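One chain comes next, on its own, written as structure tokens: the form predicted alone.
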């Protein structure tokens, strides 16, 4: 499941920010990818819609890297 989530996160970041997916790694920070806070919120919203989940706000605001996004999503999805 983690690999599927990672691939979806990368695809959404690449599409929303018009960058090549090959430039995104698990350790990329949103700052490294030139994502601002609005880009981060858009990503979180897209992921919530994709997986039909809701990330708690206190969890969502902590997500600043691809790894954190994948881990947070995996945690929420596996608890369902």
Partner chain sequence: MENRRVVVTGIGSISALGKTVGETWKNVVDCNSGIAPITTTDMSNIRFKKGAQVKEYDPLNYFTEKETDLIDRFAQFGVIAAREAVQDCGIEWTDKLKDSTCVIMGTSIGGQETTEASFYSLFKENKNRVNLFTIPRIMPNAAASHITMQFGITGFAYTISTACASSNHAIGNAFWMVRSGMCDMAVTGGSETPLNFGFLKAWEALRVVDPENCRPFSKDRQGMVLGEGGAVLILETLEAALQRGAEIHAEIVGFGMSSDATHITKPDQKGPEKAMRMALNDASLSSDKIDYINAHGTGTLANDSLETAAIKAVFGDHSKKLAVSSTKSLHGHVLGGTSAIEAVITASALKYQVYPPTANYTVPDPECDLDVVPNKSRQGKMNYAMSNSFAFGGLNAVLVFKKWDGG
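Since we're looking at a predicted model, the values are computed, not measured. Residue numbers count along the first chain shown, from 1.
Unshown form predicted together with the partner chain; subsequent notes refer to it.
Candidate site formed by 38, 48 and 56: every one of these residues places a non-hydrogen atom within 4.5 angstroms of the partner chain in the predicted bound form. Contact annotation: residue 33 falls outside 4.5 Å of the partner chain in the predicted bound form, judged by heavy atom distances.
None of the heavy atoms of residue 10 is located within 4.5 Å of the partner chain in the predicted bound form.
The shortest heavy atom separation between residue 24 and the partner chain in the predicted bound form exceeds 4.5 Å. Heavy atoms of residue 14 never reach within 4.5 Å of the partner chain in the predicted bound form, leaving it off the interface.
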